[in-house]
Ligand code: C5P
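A single chain comes next, written as structure tokens; it is the form predicted on its own.
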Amino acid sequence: MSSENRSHFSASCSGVTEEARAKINLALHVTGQRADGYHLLDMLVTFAECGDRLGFLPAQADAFTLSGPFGETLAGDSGTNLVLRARDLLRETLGALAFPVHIHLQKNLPIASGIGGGSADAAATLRGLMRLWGMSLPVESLSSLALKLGADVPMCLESRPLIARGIGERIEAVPQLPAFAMVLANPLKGVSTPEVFRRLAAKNNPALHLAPGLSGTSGWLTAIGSARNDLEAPARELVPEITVILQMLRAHGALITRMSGSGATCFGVFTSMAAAQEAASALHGERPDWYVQATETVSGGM
């Protein structure tokens, strides 16, 4: 495409929007550690309907703007922001046809909270820019590029229920996982992921094993309930509020409670969205200084 045609394409292109869904670790088993220091994990992952939102528009020059309740926290982070790193890496891969773009990030999820906010934003940037630029990459190439941005980014690129193993790069879809009504809660205290792993007592824990042919909400809830998050205990040492959140979620009727990722966000699974919304309202009333969100996760057959 000539530069003249490219300019016309840029000017006539409408903007696109991408959702960056919160990533929920229903289970996280630490099964080993590689020689390079990376931990080996088995994870059962789903994604919530809540999350960040990104908009992409053709522009005369690259621009990046922020809004949302947690947008101010990212302001001035242009050197390390995963959105900008994803833009630049994708442009390097696609070449000169990747015209300038104005990216707007509505930051609705807490920063560094164990629900993949930054990774989800990076993955949404890859998806959105390929749509805006009218280009695509082979699945293997895109997955490799996503992994360069972080171990969670390939999972967030999928944004559907999955099992991830290794450092997160070996992904298997779980189409039979149902949707769950859920409450997310975070005390808005940062948790250092390296410190959580440093405090982890055992690095070679039993792998995640799910019975073949799992079906139905009750069957999956039983399986999830028998799994675990190996990072929860060390994270509780660093942020005692995690224990309080889990107790509060149970007190308000959660069927299962667990911490997601390396924390400090915790989730509770409820019988219905009405029950989840009622619990979220009660938690917000008790702790208005916390992040509390009722949501529903996507189903594997989305």
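Remember, it's a predicted structure, so these values are computed and weren't measured experimentally. Residue numbers here begin at 1 and follow the sequence given.
Separately, the form predicted in complex with cytidine-5'-monophosphate (C5P) exists; it is not shown, and the next lines address it.
Peer 1: Would you mind picking out the stretch of 180-188, 89-97, 149-157, 222-230 that comes within 4.5 angstroms of cytidine-5'-monophosphate (C5P) in the predicted complex, counting non-hydrogen atoms?
Peer 2: Stretch with heavy atoms near the partner: 149-157.
Peer 1: Only one of Ala254, Ala235, Leu54, Leu41 has a non-hydrogen atom within 4.5 angstroms of cytidine-5'-monophosphate (C5P) in the predicted complex; which is it?
Peer 2: In short, Leu41.
Peer 1: Considering only heavy atoms, tell me if Pro194 and cytidine-5'-monophosphate (C5P) come within 4.5 Å of each other in the predicted complex.
Peer 2: Taking the distances in the predicted complex, the answer for Pro194 is yes, it comes within 4.5 Å of cytidine-5'-monophosphate (C5P).
Peer 1: Can you tell me if Ile167 lies within 4.5 angstroms of cytidine-5'-monophosphate (C5P) in the predicted complex, counting non-hydrogen atoms only?
Peer 2: Contact with cytidine-5'-monophosphate (C5P), yes.
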